Ligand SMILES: C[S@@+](CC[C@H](N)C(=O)[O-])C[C@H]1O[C@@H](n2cnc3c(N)ncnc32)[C@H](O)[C@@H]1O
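Just one chain follows, in the form predicted alone, and it is written as structure tokens.
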């Protein structure tokens, strides 16, 4: 059993979970189809945050294996590097890139430890939902700030704190908060994958950590979106229904402009 407080054990555990998910073709491990890749500039909802043109730019797709991100940016003309902790997810990226005749560099590494990249190497960093798999999001932000060029843009998407607090199944009173906001250690492991990945170690990051942490790492926040997944026609208890009451994700645009600051002391709460 992993020690849920040791970073290396956390990484190894989540690597095994995502390797298995990739081998089984579970959600977020299937590459985009030819139709979905036919217009890469239109496909990426946040591409307008990158100026609409990434040709020749150095893009880091962070914790983004699975053939759903790197190939899109490569088809749009970017010089793409995909980092992921799972070798199976990176294999999917290499296969998808080879099938479409584009070049994607893949690197197996944890999102919070990127010593293989020089300071200021990337023009853009794009990170899909993944920060929930590390206990200290501040370390991720610090590494992104280091490898991102001055003035570069960091687009990241996260699971919202309240979504990780709320029960995935409704009671007679609706989707109730069942997890404390100020908690230490990983969330209880999920048994199914409605809003979380079964078996993975996941961590709730408070808004102070999500937003304040970016500012303290030397970023200014230029925009924020809450992708709408609500479906008024969805059955009670499914993803679209719950998303009408609890926003599952937040997407943030931040620009690297300043020097990192000292982080405030961590808050502790014991249930």
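Being a predicted model, the structure only gives us computed values, none of them experimental. Residue numbers count along the first chain shown, from 1.
We do not show the form predicted in complex with the ligand, though everything after this point is about it.
- Stretch 110 to 118 is the contacting one of 166 to 174, 72 to 80, 110 to 118, 148 to 156, since its residues have non-hydrogen atoms within 4.5 Å of the ligand in the predicted complex.
- For the residues 68, 205, 57, 216, the 4.5 Å heavy atom test against the ligand in the predicted complex is passed only by 68.
- Proximity to the ligand in the predicted complex, taken as a non-hydrogen atom within 4.5 angstroms, holds for one residue of 137, 96, 85, 104, which is 85.
- Although the partner is absent here, residue 239 sits far enough away that none of its heavy atoms falls within 4.5 Å of the ligand in the predicted complex.
- In the predicted complex, at least one heavy atom of residue 63 sits within 4.5 Å of the ligand.
- The ligand is not shown here, and in the predicted complex it never comes within 4.5 Å of any heavy atom of residue 122.
- Using a 4.5 angstroms limit between non-hydrogen atoms, residue 162 is distant from the ligand in the predicted complex.
- Residues 130, 133, 134 are the ones in 130 to 161 with at least one heavy atom within 4.5 Å of the ligand in the predicted complex, listed in sequence order.
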